[in-house]
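This document opens with one chain alone, in structure tokens, the form predicted alone.
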């Protein structure tokens, strides 16, 4: 497997990141601003900055076809940024009507709506109202009982999954009359008026749900929780108990983000600083390994004598043990701190071939799956 492509952009946390459809533009949420990087050769160079929020930005997403950028922040606002003829980005304020911080945002696949999770126990489903020439929102409230940590869209652009700190992952209908076409019946439901709860799944230990994701077909749901588990749900039909609910417990630190690379494989990353692969089907799932080879310290026997000499020299000169050659602050993983988001980077033939990860260490890394 080729080595991952590492872009160390700055020494600050990356809350969220998103690539344009042609992968030439990278939007990165850094503090109160979104920085836009443009690919120059093998590197990304800072090209522009989107300023408008006055608190930490928690989500950014680039619409693949239109190129519009949506951002949300702890200042309880969201903006849709559109490129103007003079090259500037023009922001439009979205009427979210929430009284707590926004926690994340995602465009739906057909780009007519986007969903914003919040600390107000509300999901704001936003769409453009032609008559008044502004972005308005409808609220999904019940039965959410705590902060919405993540949102994810079904391929039909009507169903919406959400994870929450009340330990539940839920699937809702976000059907907006006049905006959406009536969806085809599926395993999640047939008649889907707005705010219909199509599925509600509790984490076995009631741990926070960090992220949710639909499979490429939309017929399965995955979510990761703060008890270091990943749960896969296979629904059987409307108002029927699910065909299978499989929880995979791991010995790793919790995952913060996950993504389906195919119908039988999920890629997850988080506080363990590594990217891991899980695979299976309705009969069972398992953790199959890491995307990166753990780098063991090479030639340990040959180094022992030298490292002992370095240790005594270091104790003599600096008053501490550990030679200069041993850098115990550097992790063996590519990311040097926890990973916040996993995003699709390149798809072909209905499968994701490459993914990108953004972390607290200020790195964006592109991986072959």
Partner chain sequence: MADFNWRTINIDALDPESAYNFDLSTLTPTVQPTSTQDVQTLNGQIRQLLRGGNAEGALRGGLENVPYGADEQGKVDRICLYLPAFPGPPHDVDNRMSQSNPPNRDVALTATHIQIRGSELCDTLMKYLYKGMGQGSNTAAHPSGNTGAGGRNLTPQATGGFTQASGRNFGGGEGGMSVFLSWHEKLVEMVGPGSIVRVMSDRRTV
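Remember, it's a predicted structure, so these values are computed and weren't measured experimentally. Residue numbers count along the first chain shown, from 1.
There is also a form predicted together with the partner chain; it is not shown, and the following applies to it.
Residues 62, 113 and 180 are none of them found to lie within 4.5 Å of the partner chain in the predicted bound form, as judged by heavy atom distances. For the chain shown alone, residue 93 is not a contact residue for the partner chain in the predicted bound form, no non-hydrogen atom being within 4.5 angstroms. In the predicted bound form, the partner chain sits within 4.5 Å of a heavy atom belonging to residue 204.
In the predicted bound form, the partner chain lies farther than 4.5 Å from every heavy atom of residue 156.
Taking the partner from the other structure, the partner chain in the predicted bound form has no heavy atom within 4.5 Å of any heavy atom of residue 127. Of the listed positions (250, 215, 196, 290), a single one reaches within 4.5 angstroms of the partner chain by any non-hydrogen atom in the predicted bound form, namely 250. Interface residue among 227, 75, 219, 265, judged by heavy atoms within 4.5 Å of the partner chain in the predicted bound form: 227.
Heavy atoms within 4.5 Å of the partner chain in the predicted bound form map, among the stretches 76-84, 250-258, 132-140, 182-190, onto 250-258 alone.
Residues are counted as partner-facing when one of their heavy atoms sits within 4.5 Å of the partner chain in the predicted bound form; in 5-36 not one qualifies.
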